[in-house]
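First comes one chain, alone, set out as structure tokens in the form predicted on its own.
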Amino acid sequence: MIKKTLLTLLVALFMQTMAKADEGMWIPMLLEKYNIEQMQKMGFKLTAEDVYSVNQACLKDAVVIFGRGCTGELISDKGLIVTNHHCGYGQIQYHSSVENDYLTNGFWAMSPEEELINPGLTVTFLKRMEDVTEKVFEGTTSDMTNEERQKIIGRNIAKIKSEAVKDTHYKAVLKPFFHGNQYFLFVNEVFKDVRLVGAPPSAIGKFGGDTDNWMWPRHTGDFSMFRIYADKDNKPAEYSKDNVPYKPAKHFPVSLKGVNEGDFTMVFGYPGSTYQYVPSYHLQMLTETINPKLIDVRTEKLAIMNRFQEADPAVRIKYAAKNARISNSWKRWIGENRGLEILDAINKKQQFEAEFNKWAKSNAVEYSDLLVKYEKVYKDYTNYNLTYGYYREMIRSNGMEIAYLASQMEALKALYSADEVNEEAAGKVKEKLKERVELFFKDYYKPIDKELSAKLLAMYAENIDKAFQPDVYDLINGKFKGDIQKFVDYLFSKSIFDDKEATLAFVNDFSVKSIKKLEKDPAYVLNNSFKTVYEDEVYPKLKKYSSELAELNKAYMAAQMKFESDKVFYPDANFTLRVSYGQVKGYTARDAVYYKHFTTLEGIMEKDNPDIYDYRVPAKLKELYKNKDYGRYEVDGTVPVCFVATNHTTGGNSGSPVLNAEGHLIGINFDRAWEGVMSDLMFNPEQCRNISLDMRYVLFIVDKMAGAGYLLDEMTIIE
């Protein structure tokens, strides 16, 4: 009986250790010091040197930043990369039209000549990273003011970056960790010729749409493929027909062995941002003020867009990417609030803070007033932060679109306001602006903009402090007697910025005389009205409070590490390369509801509904299902589609490789389960799950549905 009890205790302790190990976004170069032993106990069969090395090809050499906010991975020695469909969505949409609707029908290049060029798209490789904390702080002292210290740190950072890439084509990035208590240098190689190779139809790549976004079970084939091109020396180059497929130092073998519950998994990618170590006041600000208000704004945006998109296929294409961007954070904020409430997160933070205060008063008096200072700053900061969030929703985050377009004219106005006009510089600005105008109107629909503008103006007036109401409301309340719709009708009847040809002509012919016309345009006036409030009233205080919080965060982070000196801390995500590891595992979503760790093709067919755009299964996929034509991707009479694991991920991890114990690619990370999206703020091992696309489904779609089996020929496939 004693032996059985002891064994039970040991198992419980081991499982507790395993659960804790699932949390964290770890620095690759420090795995040997902190993580590799635990990873190997969980089943990992490689070494820390196999994951990150500057002396030999390693796993990090097959991972890239895709674009500016996703991760991708090499899957062949010919520069072929795979990432998420939603990461490549902008490029797929860019090439789409009503005549060639690649969003709806998919796209596959059947030869290198058919691959599509993507202006502005880059992929970035990490060459090496280095702890440069001492160099960054060199010359600073504790008795300096924050402003003095930051000036020295800024100069040191510039010097370190410059020296790191001197006489090379590399780029340097230097970022703070642990809220400025540590600094790392990243030396990168950026490739600029990245071509679209293939993407499944949205009915696969975006199957389930916004309904299934952030949800499990999931059946989304969220992948797209691109190819990196380089010059004849395998170096980065601008697009040229003479460029050749890039030859990487490393690419991932693709495994067909699949996953079983309990299997080790590792996610290697670029998580964007997390806030694990903030005080309870931060959670209160988000859950009680910021999230609810911004959720309301985006609910209205989506309702308006959805109605127009459902009525017109052309509008659906124009606003597909905008809708997806708005919906993504909207649903996450809802889940975040729900998850934090279920976790009783604020109360848990407050309990921790009470223990911390006891410790500080007895052992570290210099930290004893930190939480009092936090409370005071957040009391003022919250209102300014909400106003800033609303300002972004009004103008920047797919809000009043012609007001945003009008704001782009500031560059020309500045040039032509100078004593002497540099016509050469002005000509270059005009060309860039005309390109922006073309892109703007490619995805613009005036009726949506009109309705959105009226709704947003009304919501801002209702929800934002009167002290931050811009002058435009004086005009609305005066000339238009408070009738916002009449003002919006006036706006769109008088502004030139709702018309492509008029805008292009205005840009092309811009001169000193054009400044007065610009300043009278109601769209410009509208934008300038909000901009003035933000720049004069909001930003200065926001900057002040943000600076105060940065100092408090730095001190609080250092204090927490002293308070829990036996704990190994991982730094918050900051869009730098990280490793997270865990295991394939289902979870209990709520009372009496347990979710398995995988989904299959059967689930896709169960969801099929021709009347709902997000659930229209393509005819070809139905045919393959009917004939059970699964080839080597068949498992137990079906095809695996997605799986969940306990890896700690966040935005930026979209497209990240999911690797097995041998370092083989088994999946592509693309989402988190809704019950666990609060993991940016507090990780719950019981419900936090990352959602990945099974590579067997990827290969099945490429091979059986797209008929692009030639791509498999260049991969290393592990049967």
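All residue numbers refer to positions in the sequence shown, first residue = 1. Values in this document were obtained by computation on a predicted structure and should not be read as measured data.
Same protein, other form: the form predicted together with aspartic acid, not shown, and the subject of what follows.
Only one of Asn660, Thr650, Gln687, Asn35 lies close to aspartic acid in the predicted complex, with a heavy atom inside 4.5 Å, and it is Thr650. Shown alone, this chain has one stretch from 663 to 671, 60 to 68, 47 to 55, 27 to 35 that lies within 4.5 Å of aspartic acid in the predicted complex by heavy atoms: 663 to 671. Among residues of the shown chain, Trp214 is one whose heavy atoms approach aspartic acid to within 4.5 Å in the predicted complex. Not displayed here, aspartic acid is kept clear of Ser692 by more than 4.5 Å at the level of heavy atoms in the predicted complex. Among heavy atoms of His86, some come within 4.5 Å of aspartic acid in the predicted complex.
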